[in-house]
Every structure is written in structure tokens, then in C-alpha cells.
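Below, in C-alpha cells: the form predicted on its own, a single chain.
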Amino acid sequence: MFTAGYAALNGLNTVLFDSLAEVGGQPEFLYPFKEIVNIPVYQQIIAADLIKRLHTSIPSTVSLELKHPVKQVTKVDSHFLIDQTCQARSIIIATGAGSFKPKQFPLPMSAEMTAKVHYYVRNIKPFANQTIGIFGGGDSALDWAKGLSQVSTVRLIHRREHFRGLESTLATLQSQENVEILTPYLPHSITWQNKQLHIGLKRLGDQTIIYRDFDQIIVAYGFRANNRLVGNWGVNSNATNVFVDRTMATNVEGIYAVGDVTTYPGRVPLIGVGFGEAQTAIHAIMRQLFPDKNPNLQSL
């Protein structure tokens, strides 16, 4: 969204393709109430609020093509043909980690049970006044536990003693009376009892099994993400990242990449870094398309 807005601000006719029905990507769909603390200007900002601000900053001249995963990019003379529907002189790949599919809860379940198992949390209200289980040990698990603890009783289950998420978030959870942290445990069995999930948790290292009841559970075992599709466009890439130079250009003239989809020596995977990369790519495109024109440096 930032890239599209900055391109339009510099007078480029811009089309933004998104495979989802809404813009926002992972911040909107995976951690909308996470507090982001590494973006300039904001000491902290909720992810959903950041997405809302970015969305409203997109000029009306930008065409949004939603529910449109780009499948084919063909070079024709001096332009690219995108899915046989759009011609473009330049392309910027800003797909982040790419398409993402959650890792599933590892126990067989009935339809009734499956309806109570979630892999995304966009709104905490449907979980209010319930007992919620959260399985996982990364930032998503801790963030969801922190958010849901405002309205629910939370049980956080992780297979290791130590968590991979932010220490300050874990410390907050450890101080709350309505949060139970169970480590190191793995889900062992699941049944449907009294309209609740009755889950057996096996302790790693011995045969101890404890049981807990949940109204609903959230699985935060991570996501299988990939950007393999862009490899079909001729750009040099691995399973998740596209290789770029210091102007954010790929090996294919006219195709650039910015944000977490990129890789180059020393790159730091932060949102703020991606914003700067977007500006670098836009100005590289301006120099390529209009070599006789002085670049008009703009701030969005």
C-alpha cells in the first residue's frame, strides 16, 4: 500500500494487485491488535490502525485489483503483460512472505470440534467470557494471549519451557491471574464434552498427561509461506525471497522487489525498512523511465 501510494504521488499510473479480498496482508489478518513499536514517528501503533492509515493514504488514482493473485507475467517488447489483462512498464513485487497457510492442529477432530479451532484472530469479541486455549510459543501466540486475556480466561500451551516471543509480553502474561501457562506440553488427545473441547496434554520427557477444557482454541504453530510463483517470472529467487541489488532491482530489467520478499546482504526484516526500500525502487523506476527528468523527491 505504501509502495502504490508513493508511486502515484510521483505521477506514475499505478495498479495494486492483491490476492486477498481486502488489503492489509499479515498485519491485518494474522495480528491486527499487535502493538508495533519499530516504525518511525509512532512510539507504538496497533497493526490494524497502521493498515487503516496506509489504506486511507492511497490516492484515488491507484487502481485496486483485489482477489487477483497474479499468475503470469510476460515481457512483450518494452512492457510487461500481467495475466493478459494489464500492461505495465515496471513491476514491483511487494508480497511479503507470500501466500501463507497455517500449520494444522495435529489431532483428528469432528466437525463440531473443528468449528472451535481457529488459526487467525481478527476480533477478540467472539471469545469474550470464555476459556481459550492458545497453542504455540512465538510472538503470534503471545500477542493473541495478551489480547484475549482482556476478555477471556487464557491457557497458553507450548512444547518448550522457553518461548520464542518477546520477553516483555511473556512477563505481562505471567503476571495475570486469568492466564495459565503450561510448558512443556503437546496436545495428546481431544474429545467433545459438554460443548467444550476436552484436551489431553502430554508433558515432554515423561508420561504425565493432564486434561483441560476449552470453549475454543487458537493454533499458532506458524505458517507455511512461499513466494515460489514469482520464480516463474524469470527473477532470481529461492523459496521465499527475491534477490535484488541496491536499487531494489531484480535480474529482470523493469522488475523490482521491496519488503520482506527481498533478500540482500545485511537486510533487516522490519516494516520501516520496507518503506525505505519502496522509495528507493520508485526513484529507480523514475530514472529508468524518464532519464532526462530530475527526480521529484516526495514524502508520503
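In this text, residue numbers run from 1 along the sequence as written. What you see is a predicted model; the values in this text were computed from it and never measured. Between two forms, the rigid core is the largest collection of C-alphas that superpose within 1.5 Å.
As for the form predicted together with a small molecule, it is not shown, yet the points below apply to it.
K.L.:
Has each of 31, 38 and 270 got a heavy atom lying within 4.5 angstroms of the small molecule in the predicted bound form?
P.N.:
Checking in the predicted bound form: 31, 38 and 270 are all within 4.5 Å of the small molecule.
K.L.:
Can you work out whether residue 229 and the small molecule are in contact in the predicted bound form, taking contact to mean some heavy atom pair no more than 4.5 Å apart?
P.N.:
Contact check for residue 229: yes, within 4.5 Å of the small molecule in the predicted bound form.
K.L.:
Applying a 4.5 Å heavy atom distance criterion, does residue 254 contact the small molecule in the predicted bound form?
P.N.:
Contact with the small molecule, no.
K.L.:
Residue-level question: is residue 26 within 4.5 Å of the small molecule in the predicted bound form, judged on heavy atoms?
P.N.:
Taking the distances in the predicted bound form, the answer for residue 26 is yes, it comes within 4.5 Å of the small molecule.
K.L.:
Does residue 69 make contact with the small molecule in the predicted bound form, using a 4.5 Å heavy atom cut-off?
P.N.:
Taking the distances in the predicted bound form, the answer for residue 69 is yes, it comes within 4.5 Å of the small molecule.
K.L.:
Taking the partner as it appears in the predicted bound form, which of 196 to 204, 87 to 95, 115 to 123, 145 to 153 has residues with heavy atoms within 4.5 Å of the small molecule?
P.N.:
Only one stretch qualifies here: 87 to 95.
K.L.:
20, 9, 284, 15: which sits within 4.5 Å of the small molecule in the predicted bound form by any heavy atom?
P.N.:
When the small molecule is considered in the predicted bound form, the option within 4.5 Å is 20.
K.L.:
Would you tell me if residue 75 moves between this form and the one not shown by 2 Å or more at its C-alpha, with the rigid core held superposed?
P.N.:
Comparing forms between this form and the one not shown, the residue 75 CA shifts below 2 Å.
K.L.:
Does the distance between the two CA positions of residue 166 reach 2 Å or more between this form and the one not shown, the core being superposed?
P.N.:
It does shift by 2 Å or more.
K.L.:
So, superposing on the core, is the move of residue 93 at the CA at least 2 angstroms between this form and the one not shown?
P.N.:
No, its C-alpha moves less than 2 Å.
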